[in-house]
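The structure tokens that follow cover one protein chain in two forms, given apart as structure 1 and structure 2.
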Structure 1
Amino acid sequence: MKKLSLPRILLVAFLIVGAIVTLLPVLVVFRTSFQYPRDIISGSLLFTPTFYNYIDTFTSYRFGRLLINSLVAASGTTVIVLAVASLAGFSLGKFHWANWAVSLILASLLLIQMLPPVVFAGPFYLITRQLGIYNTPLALIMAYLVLQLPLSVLILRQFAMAVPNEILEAAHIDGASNQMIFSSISLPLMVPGIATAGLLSFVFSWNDFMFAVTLTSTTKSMTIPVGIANFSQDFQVLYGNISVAAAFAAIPGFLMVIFAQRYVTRGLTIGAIKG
């Protein structure tokens, strides 16, 4: 048992301060979402908790529709990303590729990931208008593929590499085709990787604002982040509604850090280091 030294106390104090600073802004929004608008304005610490803002946000502003739109765009993206990236990850991780080919592919993926999304916003606006998919979930999914595919391929390549070669060779000797080896042997063993890539794709697509605001225009396909921006108008901010919307927007990230932290850590570390 270590004794309580001064550095140890300082260290724990530092951690607690860090935790409070991190949580405080989140709690402010959470608290505001349960306040009557008059209590928000009064600035007093005491207030009567209420669901008024929740009811108002859903009834007066069609927030349910935005919720569904966000779900559709994020899950649509995730499904396509997983299908495409698990195939690519398997090919890169388990077949022999010339050095230059692997370097070229990995470098391109990294570069795409590094580019500021703003350079795609304008052209995607023009392209989706031309294709007639402006203001549809398809426009959003198209943009999110660019943002989410690179990281997912890097993640799934790592997980494919971890599949033991002996198992694949044994299946090969038994006469299994490559597509069978991929779908019945590799894929089940890559499930943790698929979960990692899928969860990250979902959360980051759900969180996006820039493409949602440029590629949608009405509640028909607008997502929650755009709703949040609309609650903050030029002359007044609808604090009650905006806090409710922000609370809902935070749900996927919250669930992920609580229940799937291992995946977050693993996936993002691969993205930053192993690529």
Structure 2
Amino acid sequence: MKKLSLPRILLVAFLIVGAIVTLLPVLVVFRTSFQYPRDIISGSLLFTPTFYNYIDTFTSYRFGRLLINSLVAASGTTVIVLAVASLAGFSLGKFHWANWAVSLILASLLLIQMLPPVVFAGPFYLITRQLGIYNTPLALIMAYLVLQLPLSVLILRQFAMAVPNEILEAAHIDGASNQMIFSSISLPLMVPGIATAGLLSFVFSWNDFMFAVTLTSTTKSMTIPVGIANFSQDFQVLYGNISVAAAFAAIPGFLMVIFAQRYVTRGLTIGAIKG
């Protein structure tokens, strides 16, 4: 067994403290969701667990509808982003484009990615009003697509470029079309990038507040972050309901990171080391 040196002990201790500091707010949220309002206000560490907040949140505040809206907006955005970005990334990474065209496209994608999201809030509001899709999940999906596509295309382009040209040339010689090469050869090799782009798109869309509050006005299309903000009312703050909503809002992110974490590191660092 390796001997524990002082630097290693300090590193482990630092990581443990960091994990505790990170997880403590999450644990407090879950604990608060099982407390009666009187226990939350009193700050007592000893309390009788209850599902009162869960029942009240789902029955009195239609939280189930907000949950469905968030799932529709995040899932719809992720599916469309992956479909478009995988095709665009493969095209930019493997097809013979003019250098000026590639530079122009990449510069445009980077420009959109670098602009503050708040810049798009006003124009999206006016566009959705004119198109008659304001206060619908489609309005949110449209806004999220514009913000998520650039990064996803850049990630998947790097993965497409990493696919060996010799494999594609051999497939061409055997008579495979571009569609077959993309679906049967390149796409399976791009799975880590697809997982990374999908995770980032879903998490951003799921957690977004600014566009959700700008493009929706009723529980018909509101998402969970907007619902959480509405629990802070004029004369009271419903801490129990906020904790319930926050607990449900955290679950998809935890699950997706657990299942996709082995792809995320490679997806974010592809191209950083060359050779």
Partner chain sequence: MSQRNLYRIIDDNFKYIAIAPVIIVLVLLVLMPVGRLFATSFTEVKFVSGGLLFNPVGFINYLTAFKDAIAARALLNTTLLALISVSVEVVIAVVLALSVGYIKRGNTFFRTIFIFPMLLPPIAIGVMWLMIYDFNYGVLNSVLAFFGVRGPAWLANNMLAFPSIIIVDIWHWTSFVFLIVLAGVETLPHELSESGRIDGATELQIIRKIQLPILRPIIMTAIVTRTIFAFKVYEQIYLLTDGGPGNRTEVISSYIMRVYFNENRMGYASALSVLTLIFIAALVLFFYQLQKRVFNERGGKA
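Every residue number counts along structure 1's sequence, beginning with 1. Predicted model only: the values in this text are computed from it and were never measured. Just so we're on the same page, rigid core means the largest C-alpha set that superposes within 1.5 Å between forms.
Student: Between the two structures, is it 1 or 2 that corresponds to the form predicted in complex with its partner chain?
Tutor: Of the two forms shown, it is structure 1 that corresponds to the form predicted in complex with its partner chain, while structure 2 does not.
Student: Relative to the superposed rigid core, does the CA atom of S103 travel 2 Å or more between structures 1 and 2?
Tutor: Result for S103: yes, a 2 Å-plus shift.
Student: Please report, in Å, how much the Cα atom of A19 moves between structures 1 and 2 when the rigid core is superposed.
Tutor: Superposing on the rigid core gives a C-alpha shift of 2.4 Å for A19.
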